[in-house]
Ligand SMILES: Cc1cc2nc3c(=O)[nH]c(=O)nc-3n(C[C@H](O)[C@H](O)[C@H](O)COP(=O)(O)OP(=O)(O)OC[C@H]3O[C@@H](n4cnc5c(N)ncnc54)[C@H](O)[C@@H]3O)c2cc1C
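Consider the single chain below, provided in structure tokens and representing the form predicted on its own.
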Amino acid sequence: MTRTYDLAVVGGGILGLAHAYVAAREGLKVVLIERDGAASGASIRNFGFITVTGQERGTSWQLARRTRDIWADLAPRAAIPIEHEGLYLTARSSEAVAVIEAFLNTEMGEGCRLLDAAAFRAASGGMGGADLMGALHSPHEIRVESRFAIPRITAFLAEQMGVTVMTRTAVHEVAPPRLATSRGVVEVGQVVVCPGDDFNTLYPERIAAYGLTRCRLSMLRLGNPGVRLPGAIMSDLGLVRYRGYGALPEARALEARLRAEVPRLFDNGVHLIVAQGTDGSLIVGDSHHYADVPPPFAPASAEEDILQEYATALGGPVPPVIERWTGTYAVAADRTFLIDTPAENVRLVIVTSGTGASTGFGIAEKVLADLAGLKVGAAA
């Protein structure tokens, strides 16, 4: 029997879930199609850290603010705990402090503040290396447990929002009103394709035109450090890596200093994020290696560098490693996401910066305002 829907979303990662949620929220009949039994890619292999502060200035920063608000509304309704709120980014040099001060003078610094070393140590239960000079505090971020949140959103869409979820289903052809799948034909009015870093199954020629590649990251879960963190913590490597800070002129001097002091961390693409779960364990990462097809073999030096940066930035002993894993995601040199139009009733959407959890809901509103004429988000 042929099934008919207003919108089909291909891909069950966070970006696909975001499109299905926004469409169902606005009253569309939606089918979400995922080729595996459950999402198992980058969407569950990250920090679950919805990052606003440090996103690229302009559109990405605005989309992150909107996405954070949607997460805050959706999480309690989908029984997803908010593990903690806020961000603390430590500064260990005068150059790092200068970047933070410059950031606070932009519109992106609204609500943020520069703490001195004593205030950060008081907030973090005594954490901070010997060279700590201060920390940027942002109240804007929230953190969920990705491996739990993604299946909970999927279940919430199916159980409470009327979305039909088809798993273990491959899509062979997108030609509205016909969608050819491994489980038969689905009739749809419009389609959003969210392939993640699958560049070859649907619209490979169109994807190839954007010159995308892939990033492989390394992640760790550490034991409980014996203190409750007040929010996620980053080190000042993030002031170089995150575009909202790194594009500021003051970041050049910091980058030069860090490249001279810790060149191997740049070789491994390491910057430090530490996020804590309900059980006290820490998600810690990450490293970044780029290739068209990244091999599954992560260098031991990447893990060593992550743990060394933890010890240097936060001080004290490093908790034992409980889990380790890798993940891959799509990247582009010239954009943080792409929206392509293969046909009038089809949109191809890929986050190309590893920020799907942080910008996905905002992107979905943007796409559906254009594709389906929905008056949502900034379009409302």
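Sequential numbering from 1, following the sequence displayed. Computed from a predicted structure; not experimentally measured.
In what follows, reference is made to the form predicted in complex with the named molecule, a form of this protein that is not presented.
Non-hydrogen atom within 4.5 angstroms of the named molecule in the model of the complex for each of 83, 88 and 238: Heavy-atom distance to the named molecule in the model of the complex: none of the three under 4.5 Å.
One stretch from 23 to 31, 339 to 347, 46 to 54, 316 to 324 that, in the model of the complex, holds residues within 4.5 Å of the named molecule by heavy atom: Looking at the partner contacts, the answer comes out as 46 to 54.
The named molecule: the contacting residue among 207, 282, 112, 219 in the model of the complex [heavy atom, 4.5 Å]: The option sitting close enough to the partner is 219.
Heavy atom within 4.5 Å of the named molecule in the model of the complex - the one residue of 106, 201, 224, 308 that qualifies: If I apply the 4.5 Å criterion carefully, the residue I get is 201.
In the model of the complex, residue 335 touching the named molecule (heavy atom, 4.5 Å): So residue 335 does not count as contacting the named molecule.
Exercise: residue 65 in contact with the named molecule in the model of the complex, heavy atom 4.5 Å: Although the named molecule is absent here, residue 65 would stay clear of it in the model of the complex, with no heavy atoms inside 4.5 Å.
Proximity of residue 196 to the named molecule in the model of the complex, heavy atoms at 4.5 Å: Because a heavy atom of residue 196 falls inside 4.5 Å of the named molecule in the model of the complex, the answer is yes.
4.5 angstroms heavy atom contact with the named molecule in the model of the complex for residue 329: Yes, residue 329 lies within 4.5 Å of the named molecule in the model of the complex.
Residues within 4.5 Å of the named molecule in the model of the complex, restricted to 154 to 181 and counted by heavy atom: If the 4.5 Å heavy-atom criterion is applied to the named molecule in the model of the complex, 154 to 181 yields 169, 170, 171.
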